[in-house]
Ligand code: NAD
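Quick heads-up: it's one chain on its own, the form predicted alone, in structure tokens.
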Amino acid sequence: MRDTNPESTRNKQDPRNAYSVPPFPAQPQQPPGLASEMQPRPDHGEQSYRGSGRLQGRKALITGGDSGIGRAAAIAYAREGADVAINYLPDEEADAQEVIALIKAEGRQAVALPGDITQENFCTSLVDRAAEKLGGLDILVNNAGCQQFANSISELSTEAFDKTFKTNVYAMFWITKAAMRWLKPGAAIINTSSVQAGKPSEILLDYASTKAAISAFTKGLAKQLAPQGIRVNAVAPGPYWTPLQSSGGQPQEKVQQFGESAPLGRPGQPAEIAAIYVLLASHESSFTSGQVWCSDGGTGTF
């Protein structure tokens, strides 16, 4: 039978043209980059995400919550009823304040915690401050990442390699370890891995290595924490349109064609992956732990 419901027709969006497709304009930024300076500006769900109370009363800490996937998760969590603390670098304050305003607009508590997670002492204090200000901690999202391309291993300095690992792996370890004194049965830890973990690009040796480490860390920790009733999962995004790419994560010529090789022919927008972070944090996925959930526009990396 032919569906003649106008509302149903509107909801059947063709994913190929749901958002902008390449080519995009050149838009170099200095790291860490700002979402507000990207063309087109990423969609984090500011206007589109609708909550349904799936995280009512929960307390979440999200690193890298000012822009990109972390921002989309923060908006979604607030609209699902959670109070949210976000961490970000001081240079990202402008983007972060937009997120704080969006969380508060939902009537939820919003906590801004700027600082550098490559420092162990800061990571420990970050968790304690978040839990104290929120009145507890139920959800931890280790999302902040460092990505800078290098055409050759000869061009990849020890300093750059070290920074990528400290941001992506060490910080995850330090923050998760500090969170253990706050997390109770029913809590959820969600780490952001990448398709780079299973399909590394030749110009992202250090970044891809960290993302593979995150996947392994997630699976091992899930087994360790299962007896405590704490679930651990990871999300592995493919090509998503975030400041990570335009601020040195990719050469500018690749930024301009970013996402064109995905079967859907475009990069994903942060709003399109937020629901996965919500599901993995919610009690609806109470039997899901130790998994790496991929969203890559049809490539099927995992």
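Residue numbers here begin at 1 and follow the sequence given. Predicted model only: the values in this text are computed from it and were never measured.
The discussion below concerns the form predicted together with the named molecule, not included here.
Indicate whether Ser215 is a 4.5 Å heavy atom neighbour of the named molecule in the predicted complex. Taking the distances in the predicted complex, the answer for Ser215 is no, it never comes within 4.5 Å of the named molecule.
Does at least one non-hydrogen atom of Ala82 fall within 4.5 angstroms of the named molecule in the predicted complex? Close contact is absent here: in the predicted complex, Ala82 is far from the named molecule, nothing within 4.5 Å, heavy atoms only.
Check whether Leu244 has any heavy atom within 4.5 Å of a heavy atom of the named molecule in the predicted complex, and answer yes or no. Yes - in the predicted complex, heavy atoms of Leu244 and the named molecule come within 4.5 Å of each other.
Given that the named molecule is not shown alongside this chain, does Glu106 nevertheless sit within 4.5 Å of it in the predicted complex, heavy atom to heavy atom? Glu106 lies outside the contact set for the named molecule.
Which of these stretches, 149 to 157, 218 to 226, 82 to 90, 176 to 184, has heavy atoms within 4.5 Å of the named molecule in the predicted complex? Of the options, only 82 to 90 has residues within 4.5 Å of the partner.
Heavy atom distance at most 4.5 Å to the named molecule in the predicted complex, all of Thr164, Ser209 and Gly249: Checked in the predicted complex: no contact with the named molecule for any of the three.
Considering Glu98, Glu120, Asp128, Asp116, which brings a non-hydrogen atom within 4.5 Å of the named molecule in the predicted complex? None of the others qualify; the residue that does is Asp116.
Pick out the residues of 120 to 159 whose heavy atoms come within 4.5 Å of the named molecule in the predicted complex. Residues within 4.5 Å: Asn143, Ala144, Gly145.
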